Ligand SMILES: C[S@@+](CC[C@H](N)C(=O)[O-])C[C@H]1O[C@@H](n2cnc3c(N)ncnc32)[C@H](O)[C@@H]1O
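There is one chain below, alone, in structure tokens, taken in the form predicted on its own.
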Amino acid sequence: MTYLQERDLGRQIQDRIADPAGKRRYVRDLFGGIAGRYDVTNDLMSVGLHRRWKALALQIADVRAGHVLLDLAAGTGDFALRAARQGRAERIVAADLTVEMLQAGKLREGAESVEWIACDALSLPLADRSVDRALVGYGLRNFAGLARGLAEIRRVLRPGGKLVALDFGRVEPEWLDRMYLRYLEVSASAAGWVLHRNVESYRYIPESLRVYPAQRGVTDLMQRLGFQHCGHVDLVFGAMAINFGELPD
């Protein structure tokens, strides 16, 4: 694929995710098509490091005995299954927009310890103040409305509850960030072709990242929505990041 073709593909993806309804459809269809190899791709693209990052995110979440844990935008349930193996949470819910992802998750070892719910992150079928910990792995970028999604998480969290989210980030300075985005364009296109014979399947990553406020913007937004003790941990010089915040007691 030439540079001009790649640029045109990026514009096409941007057009499809420009409005909330379009982004919701695009994300659901995209992840439905790659569900069968999603976990393999995560290992390949991160060289296995995503496992270490998720372990750190769970450590920051500080899941305790009796907690209700929500793995939102769960995909195949990495956070939920890790938490189940730790055996602390009383109830673990894995929620995702894409049914195919949840179906793949239900086939994984330990899946019987998790409740699997197909739903939109912007309209959770959970009661107010019913969750102690919410974890989101590579999902905030995919919300059809980030502020609304964070507000919905805030609604279901109990006083003292905590949100922890792992996702792609933006690096500094600006010239290095431009190189990083270009690297993502090339590597994501290659991964999409090799694993799915579809260049577009992972090219969504850099395109979604262009319009995502990343770790610093998410921290600011969480603070505006009433979360306290907000912050983020930069990983790989900020190319990945873990955001966190909690509600007042």
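In case it trips you up, residue 1 is the first one in the sequence shown, and so on. Computed from a predicted model, the values in this text were never measured in an experiment.
Omitted here: the form predicted in complex with this ligand. The next part is about that form.
For a residue to qualify, one of its non-hydrogen atoms must sit within 4.5 Å of this ligand in the predicted bound form; none of L146, V218 and F244 qualifies. When you look in the predicted bound form, the only residue of L97, A104, V164, V114 with a non-hydrogen atom within 4.5 Å of this ligand is L97. With the partner omitted from this view, the residue of A134, I92, L150, A74 that lies near this ligand in the predicted bound form is A74 [heavy atom within 4.5 Å].
Although the partner is absent here, C119 lies within 4.5 Å of this ligand in the predicted bound form, judged by heavy atoms. Though the partner is left out of this view, R37 does not reach within 4.5 Å of this ligand in the predicted bound form, counting heavy atoms only. This ligand is not drawn, but in the predicted bound form it has no heavy atom within 4.5 Å of Y180. Of the heavy atoms in V27, some are within 4.5 Å of this ligand in the predicted bound form. Here the chain stands by itself, but in the predicted bound form one stretch of 119-127, 151-159, 81-89, 170-178, 119-127, has heavy atoms within 4.5 Å of this ligand.
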